Structure formats: structure tokens, C-alpha cells
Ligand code: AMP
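Just one chain is shown here, as C-alpha cells, and it is the form predicted on its own.
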């Protein structure tokens, strides 16, 4: 066979998605990534497809589930126009400098234009890369389904997040605590750049590459940083402030909805303030401010009530990484200071909305603190309480709220103060606001576990059903009330670790 024939056959063995691929991150150069193709998996099959996101990307959802589509999004079949690569970064893990990390099992295909701006597509679980360290480059079906559903649940709640397009599976064995089967989840985000990317080049004193990366991020995502007069026109200080504010707003939303990330390492923090890397995450069941969702987090570093401070600590690490560009420590500290203003303001606004309060008053903080103490004292289910309170304000009897508590006299006293604060004239509007703010459905651990158990039997219907519910969590969804009920007793024994 001559070379021309080989080239023609290689070109034919590609999938054309009809997407106008772009490669902004790849253009940064070889210091930032290694170009390589995914490692094929045997006999892949479709697990789930996010039809809504496929439409946003200009993709045919049926094509994703076709044999050719499954081969392509497993990494077996090259995609025409894609330029697969794995990026390098470093980071702090559980508060300790871990050195070089990188995309150990994720391969970026490139970016595609959408009405919402360019979106990168990344295959997670697609095989070994130069940054896999001691890993195998794979993801398992269990964790891939959790990430697929988790990211879409956050999107449905209106919380900034990466998204998930599809999951494909293979019966290829993958060893974790036990032998599981392999899967690949296709993730979507405007960028997958993390705090750790900046830490990597700063720690190595590669300041030219550090500047190149920072300028790429500013030009693509924060162009206003170049026009600001603040910080004496220092665009890199302005970038740090913008990232601090976005991160503060995101974490405030986490806290308000009762979301625990579980592994807030600096390499798991998005430069765009997006929730990223769904490993041992959890939505709270019984309200426990000190809840630790990650079984691997033996010291409780990433407990629910520690997340706001950890986010600031991570931003401080980012500030240290950017300091060679900012050039002035006082400017860097001033840029970080915005976090301390934005986080409490955003959390106050989120909690006020949960209470149906259209305007903030000084006494509202005490109302919020008082009910959170009561919730913790009686370990009341966090999501169910807020939804029942919403329905009570909207006109239903108070009994459904009171039934959640042992300390009913204390609750009654709080309810009296709260309803007085609402006022009779604003109650209808408050109820409507609360029902739009307090979800009926969140992705509880046991719901994900049940869907995963079915998926292991090659029945993916529960995954698709759950996807439809969590993408619209404020709706009633008749016939799905079981997904909004109390978790079963066995749910408290589910252990989620960093293993995936």
C-alpha cells in the first residue's frame, strides 16, 4: 500500500461532527501540553446522552448514541478537526504542595463556537497521558455517572459549573478498591484552566509562560481587566480580583444550597469560578455544618463549613503564583480582599432569597443564623426543610414544617418572628420567590447510587430519569416525588472517596 492510499484511509477513519473546531489553548505551545490521542477501549457502548447540551453545541444527540458516535466519544475513533492534548499543571492537594500534576486521564479535543461563546470538549477517562503519574488513565462507570449527573444538577440549580455531554462505557476492567468497568465522560466548559496551571509555571520560575497563560485568560475571558483603572492599571491584579469575586459568588451558592465539593485542591479550582471535578461531592441530607463528604478527607479539611475559608486559601495560592506578574505584594493582597466582601454579601443575598426576602435588613442575619442553629440541633433535612417552608409561605399549613423538628417551641418562636418580618402583604410574592429558589430535588447520594446500580446491570433508564429531574429541580415533576423524599437509612453509610 502506498503512502497516498494510507493517508486516504486514515482520513476516512475519522468522524466528521460538522463542528468548526478551534484550538486556542493548543496555540499556547508545547510547554503547556502534550499532544496525544486517546487510548481505545474495547467494545464501547452508550450509557447516557445530554440532549439539551448536545443541541446547544450544535450536535445531533442521536449521532452521539450511534455506533460511530460512541466510538468517537470513547476516544477510539478520531474526530475530524479535533486536536487532542493533555495539559500540564501543578497544585496543592489537601493543603500540601504536590508538585507537577496535569491531565492524568483527560484529553482535550478542542473548542467549538456556540451562541454562549466557545466551549471546550474534553474526554475524561480516555487513557494514560504523560501526567498520569501512578494512575491508569481511566475512569470507572460509577464516577462517570456521578460526574454526569452532578454537573447537570448544579447547572439546573443555576450554579456555575462545567457540564457533561455524554457517558460511554466499556466492560474493560479497571481496578479501584475493587474491579469495576471503564467509562468515559465528555465534559464541556469554556476553559479547563485551573489555579494549578498558574502555580505550575510560577513554581518553576517560568515567568514567560506564566505571563503567556495569564494574558490568554485575560484576553479570552476577562478583557475588562485591561481597561480598568483600578490597581494602577495592573491587569494581572485585576485578574486576581475578578477570579476572587467569581469564586466567592460560586462558593456562596454552594453553601446556600447545601453542596459539599469534597476535594477543593488548588488543581480543582477553575479560573472562571466554575464548579469543576466532581469526585466525592454531596448535597447535604441532615444539616450538619461540619459534614465531611469525602471518605478520604480524614482531617476534615474540606468539611462543608470550611469551604469558604478553603476557597480563600486557594485564592491566596493563586495570588502567590501571580505575584511575579503583579509585581507588588500589596496590590495582590488588595485584589484578594474583594473575596471577604463579596462572599458574605452573596451568601446574605442567597439566604435572603431562600427566606423570600426581597430587601435586606440588619435583623435578617440573626433570622438566618437562628434557623441554621435549629436545623443543626435537630439534624433536619436541609433541602426538605427549605422546600416545605416555601410551600408554607405560599399558603400550606405549618404542620409539615413543624413535623421536621423536635424543638417545636423554638421553631414556633422563630416562625412567628420570620412571618412578622415577611409581612402579610409580601407573603404571596415571597412564596413564589422561595419556590424558585429552594429546589424540590437535589442529586442526593442515594439517588445516584440507585441509578449506578441499575447502570451496572446495563439498564440506564434511571440515569436518564434522574437527569430530567435534576436539570429542572424547582419543578414538581409528577410521578417523581420519591426522588424528593427523605433518604433511606442506608444512605448514611455510603462512602464516597477520591477513588474514581
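Positions refer to the first chain, counted from 1. In this text, all values refer to a predicted model and were calculated from it rather than measured experimentally.
Separately, the form predicted together with the ligand exists; it is not shown, and the next lines address it.
No residue in the set 387, 440 and 478 has a non-hydrogen atom no more than 4.5 Å from the ligand in the predicted bound form.
Comment: 265 to 273 is the region of 243 to 251, 69 to 77, 265 to 273, 375 to 383 lying near the ligand in the predicted bound form, near meaning a non-hydrogen atom within 4.5 Å. Of the residues 84, 352, 137, 308, just one reaches the ligand in the predicted bound form with a heavy atom at 4.5 Å or closer; this is 137. Interface residue among 320, 407, 132, 119 relative to the ligand in the predicted bound form, by the heavy atom within 4.5 Å criterion: 132. At least one heavy atom of residue 277 is located within 4.5 Å of the ligand in the predicted bound form. The ligand in the predicted bound form comes within 4.5 Å of no heavy atom belonging to residue 283. Interface membership of residue 101, defined by any non-hydrogen atom within 4.5 Å of the ligand in the predicted bound form, is confirmed. Contact check for residue 155: every heavy atom lies farther than 4.5 Å from the ligand in the predicted bound form.
Using a 4.5 Å cut-off on any heavy atom, the one residue of 159 to 185 that reaches the ligand in the predicted bound form is 176.
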